[in-house]
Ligand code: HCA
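One chain comes next, on its own, written as structure tokens: the form predicted on its own.
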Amino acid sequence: MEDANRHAARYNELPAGPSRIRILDSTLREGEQHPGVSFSVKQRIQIAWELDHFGVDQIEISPVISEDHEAATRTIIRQGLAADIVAHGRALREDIDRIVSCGASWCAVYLGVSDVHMRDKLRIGRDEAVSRAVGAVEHAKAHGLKIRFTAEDGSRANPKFLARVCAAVRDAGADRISLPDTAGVMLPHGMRRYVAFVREAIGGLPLDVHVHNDVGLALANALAACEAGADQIHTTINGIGERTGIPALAEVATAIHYLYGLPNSFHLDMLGDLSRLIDAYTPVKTHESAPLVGSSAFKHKAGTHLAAVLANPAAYEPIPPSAVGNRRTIVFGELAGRAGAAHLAGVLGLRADDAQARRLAAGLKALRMGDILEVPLGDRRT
């Protein structure tokens, strides 16, 4: 942590926080559920390589969707990446058999466990749901796979039934359990209770969290889940995914590194390039105000802000922009003050004393043209 952040770090301290938070990136699975997003096989392979170099722990892809997805999965698995390649499918034997045929060592199967999912989507009862979940885990283990079971819509499931399902798949040999907030309805304190409840029910089996951003709480809920005992967060690049998506890789990784200070192997300076890669490959463009990777994330405009940033950028920046592959920019226009005007004069090769700087600032305000000029500013910190 920068010295400027030391007092905030004391507020952020946890009495018993996580020792490590892992990342599974699902850009190649959840990300392709975003409307308008469809990667080619070559693009999927490139994205997998980039994510692996960035340092995620697992990369998720679903070979059961199409022949193209299956071809991409087979090729990615053959690359020998450091990250686990997790092949995703339904809790059905035919999906698991297709995953086995790809040469996967990890698979993930999902099954809706809420009443609305079982009744209106799957049209099965509770006993059949438990039987299907256990059968899928046993079938995967019989083929030598490591398996994660996803209790889809678990946050809206009957708690006693959720505990029953999770205990059953644990006893069947599941290696991890994923706890989703499928409809994005949880508050952070509710997410803590949800995860803690399952943790108490099943003991020490590792837990993932897959949280949706329907009301803007996905990142907060993911971190709350890890504070309650989960150890792996599902992300996508730029947070793309079904409806409003899931936590963004940039935000999760930066929080792990800078706010929690936990060990990791992330190359955070790749985050800007990863964001721009998805911009290039999809019609979904990064919003300029997106945290960390947006074009405005490190722009400074208001006069008092500019004066402070010119003296020490840490006054308004939690981390240096280059740390996440972005850059600092100062904006000149009708909000400019004396310090900003003096800096602008210097950029233009002019000398301006205090009075001249004030007149320049007044002139910029009088133009009433909004933002007139943006100028990059070096990554200096004091």
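It should be emphasised that the depicted structure is a prediction, and the values quoted were computed from it without experimental measurement. Residues carry their position along the shown sequence, with the first being 1.
Although not depicted, the form predicted together with the ligand is the subject of the following passage.
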Inset, instruction - Given that the partner is absent here, state which listed stretch (225 to 233, 98 to 106, 149 to 157, 265 to 273) has heavy atoms within 4.5 Å of the ligand in the model of the complex. - result: 149 to 157
Inset, instruction - Decide whether residue 298 counts as a contact residue for the ligand in the model of the complex under a heavy atom distance cut-off of 4.5 Å. - result: no
Legend entry - Proximity of residue 43 to the ligand in the model of the complex, heavy atoms at 4.5 Å: no
Inset, instruction - Classify residue 34 as contacting or not contacting the ligand in the model of the complex by the rule of any non-hydrogen atom within 4.5 angstroms, answering yes or no. - result: no
Inset, instruction - Indicate whether the ligand has at least one heavy atom within 4.5 Å of a heavy atom of residue 29 in the model of the complex. - result: yes
Inset, instruction - At a 4.5 angstroms cut-off on non-hydrogen atoms, which residues of 163 to 201 are near the ligand in the model of the complex? List them in order. - result: 178, 180, 182
